[in-house]
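Only one chain comes next, encoded as structure tokens, the form predicted on its own.
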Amino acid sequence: MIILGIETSCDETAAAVVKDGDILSDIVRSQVNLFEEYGGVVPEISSRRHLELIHPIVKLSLKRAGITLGNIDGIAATKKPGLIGSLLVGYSYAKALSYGLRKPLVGIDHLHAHIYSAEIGKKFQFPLLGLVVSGGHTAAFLVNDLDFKVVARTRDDAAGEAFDKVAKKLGLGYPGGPVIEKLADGGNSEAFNFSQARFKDGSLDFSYSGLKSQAVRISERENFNDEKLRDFLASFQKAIVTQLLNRLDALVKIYKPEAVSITGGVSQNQHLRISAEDYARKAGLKLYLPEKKYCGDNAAMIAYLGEKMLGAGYKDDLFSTPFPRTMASKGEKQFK
């Protein structure tokens, strides 16, 4: 089965082609340079840029894969969650292709696709506890094949968002995660103490708003030289990773999965990857991490999961929109 995948949930315009689980092409055009001066994504600018890029990116992905539109068996496009304007561009384009080519379409949950990005080139063991960590989302899912159950999510800021906002406050640049990781290298991660969120109801949800605010308060009272800034960023980075892995461990004890995965943009962070590998080894768990090129938003993961869903009978009606929060209905017939 050959599947064309389209991803436009935020500020990456991406298209990819997957055949029987193999990635034939994966094209990603980032808009990061457009938003450096703002310190974050401007939705209207992003959606307009998607309009300019979507068609040439799809054409390039087909060319790199060595196929034409007539060769594809189905189309997968990000349906949720994301910026509404951005989602509309990619999903509407995918619906037009589906209608014109009379090929089935399946809408993909962006977070579910992130989880499956860690299976590319591998094979999952189930049940799996999947942790998705990015600039817009921090959530944990219990996964059995194509069944996804949310078991924890952030109540406020996402982990990547905390990186971005602290970096913006310090004038370090955007996106914040990579620049903080780079500047924190060699720093003393014990130099500054950060508190961890705890909920009175015993919830294992994530929370990074307080950690972010604490970091901002510390930065306002400290006079950073290069060494002290490095120590501060190393301590902040460690605090973010500590919460992720502490929550993951608590969820593992409850749900007892066969394996765990950590995916999303923040999973590129080397401190997180090393710490997660150490945790999994001690816990006796199989750990799945995506290749770094699949950590950020990409269409390869959309096409990869789309192939599985179309093969299992999931299809979207052409009247569907990117706003509903439910998955496509299994066995739904799109064409008569």
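The shown structure was predicted, so the numbers you read here are calculated from the model rather than taken from an experiment. From 1 onward, residues are counted along the sequence shown.
Although not depicted, the form predicted together with a small molecule is the subject of the following passage.
Partner contact region in the predicted bound form: 288 to 296, out of 62 to 70, 288 to 296, 307 to 315, 43 to 51, criterion any non-hydrogen atom within 4.5 Å of the small molecule. Taking the partner from the other structure, the small molecule in the predicted bound form has a heavy atom within 4.5 Å of a heavy atom of His110. With a 4.5 Å cutoff on heavy atoms, Val266 counts as touching the small molecule in the predicted bound form. The small molecule in the predicted bound form is approached by His114, whose closest heavy atom lies within 4.5 angstroms of it. The small molecule is not drawn, but in the predicted bound form it has no heavy atom within 4.5 Å of Gly85.
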